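Just one chain is shown here, as structure tokens, and it is the form predicted alone.
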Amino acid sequence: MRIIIGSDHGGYELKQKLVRHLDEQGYDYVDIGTDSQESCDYNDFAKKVAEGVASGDYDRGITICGTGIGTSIQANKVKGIRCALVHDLFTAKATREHNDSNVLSMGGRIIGDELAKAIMDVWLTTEFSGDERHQRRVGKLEE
């Protein structure tokens, strides 16, 4: 699985911790920035993550801003993206099983580091159920 990850300044610290965790887990990923806590626009990073997934260059994407709201809105504007804003383990699992989400958004100012790592782990390891009702619903999202 190939992953693209990016954040704005509000998600920078959490992104750095998640990138180290991805390294420890042996994932193949690209960190597209930001590379500091200097103020920047979440839109630029979320769009780049979403476009990387939509193009097929990456299997999954992760975006982080202060709340996760802005990056999730921006990512979902890209055709083919199903970005889920997640702050707990239940929805991390459900959004993969039921919605086949391909981008995960989290808020760096909302959740702690260990919970964020656990959310990312669950989200990366949970498969889409593929059953008829969930497939039908995902198809409607794509329309």
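For clarity, every value in this text was computed on a predicted model and none was experimentally measured. The numbering used is simple: start at 1 and walk along the sequence shown.
One more form of this protein, predicted in complex with a small molecule, exists but is not displayed; see below.
Enquirer: Would you check, heavy atoms only and a 4.5 Å threshold, whether R109 touches the small molecule in the model of the complex?
Expert: Contact with the small molecule, yes.
Enquirer: Does at least one non-hydrogen atom of A46 fall within 4.5 angstroms of the small molecule in the model of the complex?
Expert: Taking the distances in the model of the complex, the answer for A46 is no, it never comes within 4.5 Å of the small molecule.
Enquirer: How about T67: is it within 4.5 Å of the small molecule in the model of the complex, going by heavy atoms?
Expert: Within the cut-off, so yes.
Enquirer: Answer with yes or no whether K17 is in contact with the small molecule in the model of the complex, where contact means some heavy atom within 4.5 Å.
Expert: Although the small molecule is absent here, K17 would stay clear of it in the model of the complex, with no heavy atoms inside 4.5 Å.
Enquirer: Have a look at 18 to 26, 5 to 13, 130 to 138, 116 to 124 and name the one stretch with heavy atoms inside 4.5 Å of the small molecule in the model of the complex.
Expert: Stretch 5 to 13 is the one.
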